[in-house]
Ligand code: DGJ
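Single chain ahead, by itself, as structure tokens, in the form predicted alone.
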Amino acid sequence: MGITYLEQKKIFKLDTPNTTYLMEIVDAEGFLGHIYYGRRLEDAEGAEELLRTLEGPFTPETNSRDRSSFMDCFPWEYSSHGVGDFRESSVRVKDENGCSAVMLTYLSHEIYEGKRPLEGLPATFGKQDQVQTLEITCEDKCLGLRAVLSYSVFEDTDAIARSVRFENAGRQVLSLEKAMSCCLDMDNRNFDAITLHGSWARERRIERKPIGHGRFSVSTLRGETSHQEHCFLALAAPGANQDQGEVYGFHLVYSGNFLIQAEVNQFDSVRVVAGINPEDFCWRLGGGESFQTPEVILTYSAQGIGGMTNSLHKLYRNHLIRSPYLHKKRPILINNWEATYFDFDEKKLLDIAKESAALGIEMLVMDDGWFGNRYDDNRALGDWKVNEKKLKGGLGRLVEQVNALGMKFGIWFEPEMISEESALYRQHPDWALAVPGRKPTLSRNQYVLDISRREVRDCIMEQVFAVLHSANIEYVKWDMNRPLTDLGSAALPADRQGELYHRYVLGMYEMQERLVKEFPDLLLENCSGGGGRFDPGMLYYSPQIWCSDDTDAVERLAIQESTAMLYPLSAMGAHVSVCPNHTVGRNTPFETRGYVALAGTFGYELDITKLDEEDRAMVPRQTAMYHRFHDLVREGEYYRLSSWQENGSFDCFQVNGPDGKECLVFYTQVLNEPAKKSRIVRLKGLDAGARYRIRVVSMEGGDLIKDTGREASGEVLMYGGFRLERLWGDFRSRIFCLERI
């Protein structure tokens, strides 16, 4: 790891363990150009020729008559607007004259050990010996605008964290209409775009397609990172797969409207920009004021998609998740939502708790319906007071009884929303987002609170804190069940309404920061109608996020595979639920449901008092399986072996323990096929010179882990393969445990 400035050549060199990033200051005006991002270069001599400034149209100091041609083909480190570069701009600023041209050039730089936090925003972090940061200050002298381009590199992973801070050093008021977090220009290599698309209950499905001339983007205007498109884009060279080929990843650490776009121009160069979606965004920047963009994570892998995955997993584990639960075993919880929905009282909850405690489940989570007049989803959001008609004796009494069973207690909130039928709305109708004179748009029969306002945040958090202080509550599920519409704030003047989307996100971040500081030992799990706000920004506050409201084991194979391409397994909320599944009506074996849920945080989403004897008898073995293997799953290195999304038949992945002594192979046969031989998959990351004993996890009687009588060398398992026998029937699973002898 290291950042160096080669003063004689005016080149910045950023090195991670396996990659190098190069920039150069060219021309007397101080244009900052991007030279190279790829495999690590120990010697970068001659790399400056990659800028092509020695060929036409040359730099403006050599050929001022073709300045526009230069602007439109130079590989900018941060692109301008309105001055000749007709590709996607990184910034757009309107001055007091109504003009929007902006051109940022080099002013100064600073290199320092460590990394400064981003005010009001989640961001990666590290100790001084773990991370090094470069800040390049550029300016537009005409506007009095400065932009501080920040780059941080980490000693343990191939990632670069980038962001931009804008400062108005002049006297006029500027309107910042676009403020992207990064720009990257490079030659196109017939790249494919890899993105994650979806919808409610089928989040984050992998899609891969070639990009051509023009613009290809993923974005949202829903006010959340959304079920539909994810704040991620990768460019993959032709033929790049899990193990080989070049892949560039871009992942935004943000939880609101975003845009990530790749554009191929007439010279076959590709430009990627990433940041806050500029649509409906306008930030008023007075003299002396500043604006900080969210962070974007760049990663380059020469070892295919798997290399990108490994880098992101390391970065998020070591430099983003702050929770004390990061390296701790999470309690096995049971959530009452699919068991009871709104129809419960303290007796029903205690019946579930008693049965759960006897079977090894460690926490009861009370979901929606415990507060105000909340008997369905049409009322009471915003009235965060316990409904003692449902919970006689109050929350404290219920929690004491649950604790007496040896179980922890958790609770559900939806703090960002308000129901029209609520005491809060009757008192403060102006606290809901609304456009004056226009009837607001309902979704799930609820409105969105204007949490850009301090008084709104204070009111909600005071209610939440009062509930959490009233009893021994050790877990919170924070939900958000609708997108943002009717963007109008009664507290913002007309010339600041364009700030509302971003101020909303900042308000939500502040609320979550207050929560984790007030209750530092709390286990927080974020949720948004399932996986609608599963993004790196939320991981900064909660170590796990509810992956999807679809708990069907087969559907979860695809959802969890796509999520695990970017996020550690320990970040994925995953539960065992009943069949027929409440979302798709599919029947899958209880055993399979447990194996699939083990690839996440593991818990239950069902009425355990209604399980048949066969499934009930399996619960203690599943909880034992979790305790035996969760440390390995949480801390281990993830490898994708085969994808059901691609082959339509089976799913397989591997997790290697940190010490290399054990690994797990997760195998799910979705559909059986006649007259076919066994499947062969090549394992990864083993010790080629070692031998491995092959055992299998069993939900039947006797030992939890049973020997198969099979042994093989690491080199056979990796280079020859590992044989997976076909299982009888559909939707069958196995977990193999390989132990180094």
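Here the structure is a predicted model, which means the values were calculated and not measured. Note that residue numbering follows the sequence shown and begins at 1.
We do not show the form predicted together with the ligand, though everything after this point is about it.
Checking 541 to 549, 187 to 195, 630 to 638, 155 to 163 against the ligand in the model of the complex, the stretch whose residues place heavy atoms within 4.5 Å of it is 541 to 549. When the ligand is considered in the model of the complex, only one residue from 322, 208, 94, 444 comes within 4.5 Å through any heavy atom, namely 444. Screening 261, 481, 318, 452 for any heavy atom within 4.5 Å of the ligand in the model of the complex leaves a single hit, 481. At the 4.5 Å threshold, heavy atoms of residue 204 stay clear of the ligand in the model of the complex, well away from it. Using a 4.5 angstroms threshold between heavy atoms, residue 253 stays clear of the ligand in the model of the complex. Although the partner is absent from this view, residue 573 stays clear of the ligand in the model of the complex, with no non-hydrogen atom inside 4.5 angstroms. In the model of the complex, the ligand sits within 4.5 Å of a heavy atom of residue 527.
Of all the residues from 407 to 432, the single one having a non-hydrogen atom no more than 4.5 Å from the ligand in the model of the complex is 412.
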